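For reference, the chain that follows is the form predicted on its own, supplied as structure tokens.
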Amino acid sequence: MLEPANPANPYTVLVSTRNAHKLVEIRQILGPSFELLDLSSIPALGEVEETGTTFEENAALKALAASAHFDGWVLADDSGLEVDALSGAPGVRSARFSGEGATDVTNRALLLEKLAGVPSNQRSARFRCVIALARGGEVLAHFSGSVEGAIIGSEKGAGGFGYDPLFMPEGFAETFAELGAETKNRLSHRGRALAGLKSWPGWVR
């Protein structure tokens, strides 16, 4: 497999996001072999409506929309939390779980509300991530990753973002918000998907 390994001549990749936390995390995971831009580079592109019913469909929608405005590699991530006691919700609606104007705080509050009374041994959940890689208006590859865990009864930790203070990965006694960036990135759904992208044999300049 070909792996970018020359930080002096990195691959330039547009990440189809305006989420600063997500961009920082992707930059930490991919390392110096990639120079990452975000959607502030193409202000003409408005919000992409995520009309897909799967993470893969939404990732492709975001990658193709950005690729129409950018001559180069485009990476789009769609990810979310699936809670078994909620029949897989919030799923693809993770970022919009609490409705119009949703924030991380309101989404976490609604999740705890919906799980009120659900015993700890029935709070299994997973984070899932799908990444679409596009160039020239075409999706060339998808990469996916997931991590199993459980939703705890109250928020713990000040790190991370999204549902991290409520998600305890399998085999750990700390939430993603408590584990620190290095450990989280090694374990996470996004880290696992990006590992596949990083070692993809199709990279060209």
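All values reported here derive from a predicted model rather than from experimental measurement. Position 1 is the first residue in the sequence shown; the rest follow in order.
Not on display, but discussed next: the form predicted together with another copy of the chain.
Problem set entry | Non-hydrogen atom within 4.5 angstroms of another copy of the chain in the predicted bound form for each of 97, 109 and 114 | No, because 97, 109 and 114 lack any heavy atom that approaches another copy of the chain to within 4.5 Å in the predicted bound form.
Exercise. Which of 143-151, 159-167, 29-37, 65-73 has heavy atoms within 4.5 Å of another copy of the chain in the predicted bound form?
Worked result: After filtering at 4.5 Å, what remains is 143-151.
Exercise. So in the predicted bound form, does any heavy atom of residue 196 sit within 4.5 Å of another copy of the chain?
Worked result: Although another copy of the chain is absent here, residue 196 would touch it in the predicted bound form, with heavy atoms inside 4.5 Å.
Exercise. Though only this chain appears here, would residue 23 touch another copy of the chain in the predicted bound form if you measure heavy atom gaps against 4.5 Å?
Worked result: No.
Problem set entry | Residue contact check: residue 186 to another copy of the chain in the predicted bound form, 4.5 Å heavy atom | Heavy-atom contact with another copy of the chain at 4.5 Å: present for residue 186.
Exercise. Within a 4.5 Å heavy atom cut-off, is residue 171 in contact with another copy of the chain in the predicted bound form?
Worked result: Within the cut-off, so yes.
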